[in-house]
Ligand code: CIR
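The data below hold one chain only, encoded as structure tokens and taken in the form predicted on its own.
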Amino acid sequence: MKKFKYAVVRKPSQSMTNGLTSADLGKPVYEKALEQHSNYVEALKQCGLLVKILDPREKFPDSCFIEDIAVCTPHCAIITYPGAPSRNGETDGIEKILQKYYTEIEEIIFPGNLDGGDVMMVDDHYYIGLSERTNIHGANQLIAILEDYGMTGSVVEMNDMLHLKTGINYIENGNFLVTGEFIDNPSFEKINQLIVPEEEEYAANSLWINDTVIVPEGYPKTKKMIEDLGYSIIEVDTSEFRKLDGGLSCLSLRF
């Protein structure tokens, strides 16, 4: 099944070494991050995507995590209003890029805050995590926009994770990778949960693209669990981005 055709990514800037983080894993090594990002792009291409690579933005250390600045649906793109003040200017210029792919572009406006990493698409429904980066104003604006285009959305209460997709991701065919606080979250009681063990929770942020699942390198239990369900797997090392709380989904917009 081919669901996605395009991806947009942004090369890491040298300033990424000063990016936001709570990981306590040390500063990323820029040269290694560039190599990992290049391998990530190749994985997207292997999944059949046409990839647009944007230039780095030195003013914004976290700008390689482009997923946070837009939500791309089948019917419209929504430019977000990131919750971290240092990231507010990252959305500048993204509308012009998205106009090449979309005729309908909406936006979240202050006092709404919304990070794309808090938005999980499940068919025509979108789960929206209420985190330190996404507030109820932003979530309600997104739900209203989705409903205008015949889609739906619902909010998910969160306590621990940075973003919703830090701990839960839909890999199609009714399957969700779940870890941490989302295992017992009432919003996800009735789904088919593939429990990612605590020691591999970073791998919960694996990425389904056109019947292939891209998995972070170094998490064998999660990899085997996904393989046993019949998915094709591509492993990509994102260890330098993990140092900035970033994972596989964070590094691209896919539509």
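The structure displayed is predicted, hence computed values, not measured ones. In case it trips you up, residue 1 is the first one in the sequence shown, and so on.
Although it is not shown, the form predicted together with ligand CIR is what the next lines describe.
Segment assignment from 58-66, 207-215, 37-45, 192-200: heavy atom within 4.5 Å of ligand CIR in the predicted bound form: One stretch meets the cut-off, namely 58-66.
Candidate from 128, 78, 162, 146 lying within 4.5 Å of ligand CIR in the predicted bound form - any heavy atom: Looking at 128, 78, 162, 146 one by one, just 162 meets the 4.5 Å heavy-atom criterion.
Non-hydrogen atom contact residue 8 with ligand CIR in the predicted bound form at 4.5 angstroms: Residue-level check for residue 8: no, no contact with ligand CIR.
Partner proximity in the predicted bound form: residue 117 to ligand CIR, non-hydrogen atom cutoff 4.5 Å: Residue-level check for residue 117: yes, a contact with ligand CIR.
Contact test in the predicted bound form: residue 25 vs ligand CIR, heavy atoms, 4.5 Å: Contact with ligand CIR, no.
Partner contact for residue 235 in the predicted bound form: ligand CIR, 4.5 angstroms, heavy atom: So residue 235 does not count as contacting ligand CIR.
Heavy atom contacts to ligand CIR in the predicted bound form at 4.5 Å, residues of 229-245 in sequence order: Read in sequence order, the residues that approach ligand CIR (within 4.5 Å, in the predicted bound form) are 244, 245.
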